[in-house]
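As a starting point, one isolated chain is supplied in structure tokens, in the form predicted on its own.
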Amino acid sequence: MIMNQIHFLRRILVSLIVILIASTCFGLVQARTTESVSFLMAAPFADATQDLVKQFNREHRGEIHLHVIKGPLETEAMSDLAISSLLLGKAPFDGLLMDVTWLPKYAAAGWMEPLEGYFKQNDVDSLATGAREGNSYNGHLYRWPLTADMGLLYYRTDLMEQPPETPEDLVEVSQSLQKKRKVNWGYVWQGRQYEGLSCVYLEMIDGFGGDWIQPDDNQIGLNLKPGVEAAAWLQGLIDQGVSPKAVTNYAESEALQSFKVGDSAFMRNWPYAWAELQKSDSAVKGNVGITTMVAEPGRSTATLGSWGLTVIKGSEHVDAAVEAIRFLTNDSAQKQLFLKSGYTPTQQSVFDDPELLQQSPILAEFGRALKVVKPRPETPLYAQVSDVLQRQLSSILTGEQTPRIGMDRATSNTNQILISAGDRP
């Protein structure tokens, strides 16, 4: 079994090296005079940054050549590829574009180069409030944000004057619109057993005033009152017919399709969906508003999602990698990524740009939502604890167990994971 795993990891590394060699397009003479630096990025970001990479290489000709290695499309496949490369020793890339939830695991493993010597406090202060989250671990800065992301509540402006302010309001408005046959469904969201379900639940437990795992003392809040209420509310959406039973198989794309064709009044999704809803084939084009997820009165909440650039420990090109990171995340690059690819900026100055705001007024709404983001538990064991939560929530949503029993089991299993890893007394 162990030998099979070793052979598997070696095959992945060999494949990655082949990709790197095959896609390197400058000659041996140039390589001797130009410092080459490479970043591994998930496919969508590799495509979105192509023009920026070309611009960087023109401006740094003869000094630094930036090369982006195009990784898989899916986040989990991307993480598997990166981890496999790092486990086998010296990785064939200098930097990595990573999801916000990866950082604690990678940093605890010693794979990341600390960046606080390169990015000072004034650099951090220049970031939008929510974009400052998820970049540090154990007192060290390891990651610099390329794009921001947050969970949003989309609603139909042609069916209501303002969005709901509480979970009860959302249900009431949904049922009223369904009764009037304005929509088939009130609310669509990510109910499949995968990471999207954890993000949905985080917004609800936070909205009900609780914590998944408290950041100060690692206390688990899943089976406390807010945690059980959050699970029960999601289950109730299905039981009451506000959400379709099929929502237990919905990821982002399925929820978007339902909302885009006009079948539903509300949708939980990420900022990328906005551009999709403005296309000519959208039945709701011009009739969509966004806000953060409804919660208790006076509370608003949004799961933090983002991708950031890191430098691999042991890279021989740290200074060049940091130079590339600064270029890819400067104001001009952020504007280009937003206008051409719909990626939410991280620099506060971009959110304050009057010309950009006039061109894309939705940017102001994104900026407001970014201010109330909630990070997922910042632990090297995040993948394991999230899997536990997803499994129990899925059983609750499909009626296999009650919210109380499911959250008790989720708490017990999460506790065992933390104990076995030494994260509990």
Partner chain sequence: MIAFLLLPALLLLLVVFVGPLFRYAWLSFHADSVVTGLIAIPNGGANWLRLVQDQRFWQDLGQTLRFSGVSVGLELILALMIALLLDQRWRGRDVVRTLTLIPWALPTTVMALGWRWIFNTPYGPIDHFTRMIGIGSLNILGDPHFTWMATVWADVWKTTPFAALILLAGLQTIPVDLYEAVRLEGGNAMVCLRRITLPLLRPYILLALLFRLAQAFGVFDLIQVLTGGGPASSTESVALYAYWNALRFLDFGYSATIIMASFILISLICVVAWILLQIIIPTHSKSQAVVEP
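Residue numbers count along the first chain shown, from 1. All values derive from a computational prediction rather than experimental measurement.
What comes next is about the form predicted together with its partner chain, which does not appear here.
K.L.:
Check each of S84, Q178, S136, S282 and return the one that places a heavy atom within 4.5 angstroms of its partner chain in the model of the complex.
P.N.:
By the 4.5 Å criterion, the partner-contacting residue is S84.
K.L.:
Please identify the residue among A109, V124, L339, A275 with any heavy atom within 4.5 Å of its partner chain in the model of the complex.
P.N.:
Contact residue from the list: A109.
K.L.:
Can you pick the stretch from 165-173, 251-259, 301-309, 349-357 whose heavy atoms fall within 4.5 Å of its partner chain in the model of the complex?
P.N.:
Heavy-atom contact with the partner occurs in 251-259.
K.L.:
So in the model of the complex, does any heavy atom of D263 sit within 4.5 Å of its partner chain?
P.N.:
D263: yes, in contact with its partner chain in the model of the complex.
K.L.:
I'd like to know if Q50 sits close to its partner chain in the model of the complex, meaning any non-hydrogen atom pair within 4.5 angstroms.
P.N.:
Close contact is absent here: in the model of the complex, Q50 is far from its partner chain, nothing within 4.5 Å, heavy atoms only.
K.L.:
With the partner left out of view, is D80 within 4.5 angstroms of its partner chain in the model of the complex by any non-hydrogen atom?
P.N.:
Heavy-atom contact with its partner chain at 4.5 Å: present for D80.
K.L.:
Is K70 part of the interface with its partner chain in the model of the complex - any heavy atom within 4.5 Å?
P.N.:
K70 lies outside the contact set for its partner chain.
K.L.:
What are the residues of 376-391, in order along the chain, with a heavy atom within 4.5 Å of its partner chain in the model of the complex?
P.N.:
Those in contact are P380, L381, A383, Q384, D387, R391.
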